[in-house]
Structures are given as structure tokens and as C-alpha cells.
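Take a look at this single chain, the form predicted alone, given in C-alpha cells.
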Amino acid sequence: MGTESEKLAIDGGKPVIASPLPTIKDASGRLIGEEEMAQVKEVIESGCLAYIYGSKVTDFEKRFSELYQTDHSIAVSSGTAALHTAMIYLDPEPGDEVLVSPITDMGSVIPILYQQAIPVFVDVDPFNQNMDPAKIEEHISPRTRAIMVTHIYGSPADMNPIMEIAQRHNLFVIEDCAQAHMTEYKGRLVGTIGNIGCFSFQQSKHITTGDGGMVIASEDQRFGRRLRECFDKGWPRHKPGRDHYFLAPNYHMTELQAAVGIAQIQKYSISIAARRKAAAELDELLREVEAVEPVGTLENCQQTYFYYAFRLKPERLTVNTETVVEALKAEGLVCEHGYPGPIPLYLYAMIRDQKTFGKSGWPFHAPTARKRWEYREGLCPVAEKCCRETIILPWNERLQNEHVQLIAAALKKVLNVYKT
């Protein structure tokens, strides 16, 4: 018989973590305070809450351009809206194809489908779970228009070979940086390497405006469209009067969101340094745990830890990942099985069963599509394995050493009981 402290909480033992850890869901895990209040107060007192009349959105965009050293920064209503803005700018023909990772949020794929393009899933590198450059060219067809690269967990994809492939095949590159704010790839910030970078400021991100997003680029009008019109109903506001050049939604960010963003952008360095410090501490505490392998970061690159993600080694355990996750939750540790879950995106009902526009199956079954598209198990075997074996821990800038110690203790307790 083990002691009460050794007995798993799921089996009636005492949980390792008795009180909630800091979380991105509230002030316990977020750097939000007087600076944001002061900016929001200015907006409220001005009486102008709308982007088209105010100055805060423009100020937020200017600060973001200065930070990322880009010519254009366009604030929008969400990270999904940012990616959709990029797709509207690309202006694909119905049935054109966009290469995308199967390990990402559905917000990466929805904009592709809304522009009547086909998401073509490229398997991932097991080391960092980002799109594997070695798998890209086998998926390129005469209909391929773009590569959408997601930098998952705050870890950069291998951009040099991806850009070489894109240039060789004349493909547009959209960087999905929703989880990779201020992430560095060989001395460059992700989001500035491809043609367009897209960011999210949703509640969980490195800085937040509650919801919101940003599109950055150092080009414009490549496809006959101004980038700024692609989130604003195709409206050329630089001209007098009303006009609408093409079909586009309204994805305006409000002055209130931008006010928070102005204060938040000044806290990037604090937030990211704290996330890295806590992650390094957990790395060290788990170094001798044989069943755990943290998701990797490429050489000469800098992670920014949207999540702390690690893979379990099945050969070192007597149970599956789901059992470990449930045991960890019982110990008080908030965690999730895989990302975007225990299965990759293409096995979720919307894509697998092609639940898009009525019963049409568009754009998968559109007459303009190159073939009839099917999404099934085995399409991206490495991604499927990663989803089965990966556990993700929500991460934030308020985690201190005592919190990391508790996280490590919960992991060690559970994995020690279930080890082979």
C-alpha cells in the first residue's frame, strides 16, 4: 500500500495542486491593469468607440509596424479575421489549393474555405509538430496558390526551406503567428519572413485585447487589391464618397480593443521573458523523466511558449495518453490531450464530412476543383501520432517557480505510477 501522497487523486488520493494556478482566463495569469484602464478611459471620455472615426486603432497599428519593422499593419477583429483578410488579398479562384498543417486551430482552415479554396494538409515534423518542409512538394499541384504556415505552440516552423520551395513554385506564403508572438527564426521575427503575417489577440495569446488580430506585410496590391480594403467591405476609404471594389467582410477592430492593445504591446518583453523562464524551469525539472519529451525548438530559434507542449513515450507507460490526462486533471493540473485535440483537423466533422455550404460539399466537390477530396485516417500519419501522444499545458506570464514546482510534482507523481 502506498502513502496518501503517492496514491493518485483519481484513485482517491490527495491532489498535488490544491488551489488553482494562474490562468489566462482572468487577472491571475494576465498582465492587465492601470495602463489598460488609462487607455480605455481616454476612449470612453472621447465618446468615439469606432475605428473609422477614432485614433487608437491607427496608433496600435503604427506601434505594431514599428515593432515588426513592416510597411503595413492592419488591425482586425480576430486572428481568424486576419487570416481571412490575407486570403481575400490572395484572391484565389474557386477550387484553388492552399497547403496547411493538420496541427493548427480551425481558424486557419475556415478562411481558406470561405474563399472557396481547398485546404491540402501537409504532414508535420515530429520534432516541433510544425509543417514538415520535406513533405511539401509532394502536395503541390497546378492549382496550388499558397502555403499557410502555422508556428504552433510558439515554436517556429523551418522557414528557410519553406520559402525556397515557395519561390521555386511561385507560391504565396501566409504565416499564421496566432501562437507565435515575437517568436524568432534564425534572427528574424516570424510573420516577417513570408508575404503576410497574421496574429491573434484572443484572451489566451501573449498579449490580448480580448479578441482581435493583426495583419502585417511589406507589400500591397500584388493581386490588384489594397490590403486595407480586404477587411473593410472592399471600400476604398482613401477616396471620397462610397464605392466597393470587391466582395469583403467588415472585420473592424474597435477603439476599445485597440486602447487595450496599446498598453499590452508595451508588455511583450515582460510577458515573453516570464513565459520562457517558467518553461526553462519545467524543462529542467522534467529532464530525468524518461516518459516525457518536450516539443522541440529548431537550432538558432527562440520559442515564446503559447503552450508548454510535450509528447509522452508510449513504450515507457502502461496506460494511454487520455488516462494520463485524466489523472493529471484530478491532481489539479489543467491540461489538454493533443492539439487541436487527440485528432488532427481533417478528422473533425466539418472537414471530414465536408459540412460547409448547405449540402453542396463546396468547395471540396465544386466543379472547378481538381478532384473529389476525401479526408480520412492515415492522411498525415505523423500528425495523427503527435495528437495521440501530446499533452499541452496552457501557459502564461504569471507562472512563478512555486507554480512550476507544483506542475512538475503532479507530472512526476502520475508518470511514476504509470511507468513501465
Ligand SMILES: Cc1ncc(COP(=O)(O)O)c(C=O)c1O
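All residue numbers refer to positions in the sequence shown, first residue = 1. These numbers were taken from a predicted model, which means no experiment stands behind them.
From this point on, the text means the form predicted together with the named molecule, which you will not see here.
Residue in contact with the named molecule in the predicted bound form (any heavy atom within 4.5 Å), chosen from 321, 115, 202, 254: 202. Note on the partner interface in the predicted bound form: the residue among 264, 150, 85, 129 having a heavy atom within 4.5 angstroms of the named molecule is 150. Within this chain, residue 259 is remote from the site of the named molecule in the predicted bound form, having no heavy atom within 4.5 Å.
At a distance threshold of 4.5 angstroms between non-hydrogen atoms, residue 155 is out of contact with the named molecule in the predicted bound form.
Taking non-hydrogen atoms only, residue 212 approaches the named molecule to within 4.5 angstroms in the predicted bound form. Interface residue remark: residue 119 is not counted as part of the site for the named molecule in the predicted bound form, having no heavy atom within 4.5 Å. Note that among 157 to 165, 73 to 81, 187 to 195, 278 to 286, the stretch whose heavy atoms approach the named molecule to within 4.5 Å in the predicted bound form is 73 to 81. For the partner-free chain shown, 104, 105, 107, 108 of 96 to 135 come within 4.5 angstroms of the named molecule in the predicted bound form, judged by any non-hydrogen atom.
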